[in-house]
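The chain below stands alone and is given as structure tokens, in the form predicted on its own.
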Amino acid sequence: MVAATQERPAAQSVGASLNVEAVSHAFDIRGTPLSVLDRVGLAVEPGGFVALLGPSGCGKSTLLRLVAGLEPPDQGLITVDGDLVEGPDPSRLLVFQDPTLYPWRTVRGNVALGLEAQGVGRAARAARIDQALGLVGLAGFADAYPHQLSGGMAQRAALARALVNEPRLLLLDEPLGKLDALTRLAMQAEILRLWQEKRFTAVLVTHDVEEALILAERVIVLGDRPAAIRAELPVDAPYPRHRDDPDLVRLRRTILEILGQTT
């Protein structure tokens, strides 16, 4: 069971809207194009939480990179709040599977990176870092170095590094994939709590069907490469959710059937 502190609040969302329109993309492999996305289209409302599922290597992470503005799509448009995505932006951040913390910087120093790049003053920077570390439960580890953190703590630091920038769109690329089972359950609850509290829009890539059903309001299933959307399934169960909820069990079975897997 994964519990959240409360059901989704009725407060006005600060999250951004996302629209992906007929996006296709390919990689150049020694002069040969390898198509990974085929006219993918999706929309996420402000403050929504969507999970992307699909076979390994089908293009889920590539789609997040395109939305983050790390590279442009070959075809199609990606807009956030109606504005064309043309490059990275601190309001639209990507959290990777690996925390990618700089080992020579403390937790505070790692979390400060985005604010330093934006030229935020020292006093304002310190206050925002303290707030972000408090949000993820690392207030007592500000001066620790990455090698002194557990895997779950390092991933919390990576979340804090994103949250300190107050993103309106948070892109999560399998951020819990390398954690042990118990830590993963705890971090699922943490992500859910942060989403409910901060009201950002969230897009999660995961291979874990149950994780998608516990966290997301809608699950999007992609097919094999080049990936197109095969199904969109709303998850209407109220928060906090329970893995043995009959509705979630049925949805899990449906998703596995779409993916061609047996239960």
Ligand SMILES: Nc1ncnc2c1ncn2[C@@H]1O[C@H](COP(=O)(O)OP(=O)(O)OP(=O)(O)O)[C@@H](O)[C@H]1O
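Only a predicted model underlies this, so the values are computations on that prediction, with no experimental measurement involved. The first residue of the sequence shown is number 1, and the count goes up from there.
The following text describes the form predicted in complex with the ligand, which does not appear among the structures shown.
- When contacts are defined as a non-hydrogen atom within 4.5 Å, none of Ile191, Gln196 and Glu217 contacts the ligand in the model of the complex.
- Of the heavy atoms in Ala43, none are within 4.5 Å of the ligand in the model of the complex.
- Although the partner is absent here, His207 lies within 4.5 Å of the ligand in the model of the complex, judged by heavy atoms.
- The closest heavy atom approach of Arg225 to the ligand in the model of the complex falls within 4.5 Å.
- Among residues of the shown chain, Pro55 is one whose heavy atoms approach the ligand to within 4.5 Å in the model of the complex.
- Note that among 208-216, 228-236, 43-51, 57-65, the stretch whose heavy atoms approach the ligand to within 4.5 Å in the model of the complex is 57-65.
- For the residues Thr183, Thr79, Gln97, Gln75, the 4.5 Å heavy atom test against the ligand in the model of the complex is passed only by Gln97.
- Shown here without the ligand, the chain has Phe27, Ile29, Leu34, Val36 in 16-48 lying with a heavy atom within 4.5 Å of that partner in the model of the complex.
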